[in-house]
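This document opens with one chain alone, in structure tokens, the form predicted alone.
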């Protein structure tokens, strides 16, 4: 396994390359990916007037959801490592139309201060498993909360509970250039938090109290558009940068291959049903 500095550098490079796909598909990701964070939003129960931190905000859709919950007397800060995604979030949700929303590009593992801290609550949809040093990152989140502040987050469980997730990589890889290194073991990646005992240890070591890790299953309902669905999943994954750099014939072949692998989840004329197995993580700052 690479050292922490190496993992951070790898993660920064990856998200710089991956960001264009997330920006291009931001509306689709907000819509179709909503079930991945809905249970954490419900459990967090942000209240009018609260100040909330959104960790791994991406292009801002989850931050906007939180802002709607806290209302005009509250405030929400969305933080993400990818500067271009934060810029896209600010464009999608400009402050003159969304005055309670703010965005900042920062590494939550190392940032010393965030505007608006201390927060009443922190939320994260599918981001904590991507931290190079999850104890440092979660400790920093806890430090940004007021005493009694709440955390609610979702992460993927293991590959068996999310069997569709690797298929875009497997489908695209033979048709594009070399992909970035894929995670090994506990390295940052979609299944880095597969072991709930490890998740509990990380949150406890980070200084949180009342740590609970519980399974939750959702299904993403995706329109019956094989080519579009294949491209969406390729572009937001590890093959995205190589796919965008490939000539059109190779891109088309990658989409066809990915759509073929995803066919098991397709109900013609109805759409795709992508089952996702999550951990719902909740905790409190002492």
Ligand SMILES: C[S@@+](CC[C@H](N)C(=O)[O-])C[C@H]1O[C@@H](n2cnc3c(N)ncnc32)[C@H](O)[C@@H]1O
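Positions refer to the first chain, counted from 1. Source: prediction; values computed, not measured.
Same protein, other form: the form predicted in complex with the named molecule, not shown, and the subject of what follows.
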Exercise for the section: Would you mind picking the one in 167, 145, 127, 152 that has a heavy atom within 4.5 Å of the named molecule in the predicted bound form? Expected result: 127
Fill in the blank from the handout: Note: exactly one of 82, 202, 101, 121 sits with a heavy atom within 4.5 Å of the named molecule in the predicted bound form, namely 82
Completion exercise
Answer among 194 to 202, 158 to 166, 102 to 110, 208 to 216 for heavy atoms within 4.5 Å of the named molecule in the predicted bound form: the stretch 102 to 110
Problem - 4.5 Å heavy atom contact, residue 250 and the named molecule in the predicted bound form - result: no
Practice task
Using a 4.5 Å heavy atom cut-off, state whether residue 131 contacts the named molecule in the predicted bound form.
Solution key: yes
Problem - Proximity of residue 265 to the named molecule in the predicted bound form, heavy atoms at 4.5 Å - result: no
Problem - Residue contact check: residue 66 to the named molecule in the predicted bound form, 4.5 Å heavy atom - result: no
Fill in the blank from the handout: Contacts from 36 to 62 to the named molecule in the predicted bound form (any heavy atom within 4.5 Å), listed N to C, are 56, 57, 58
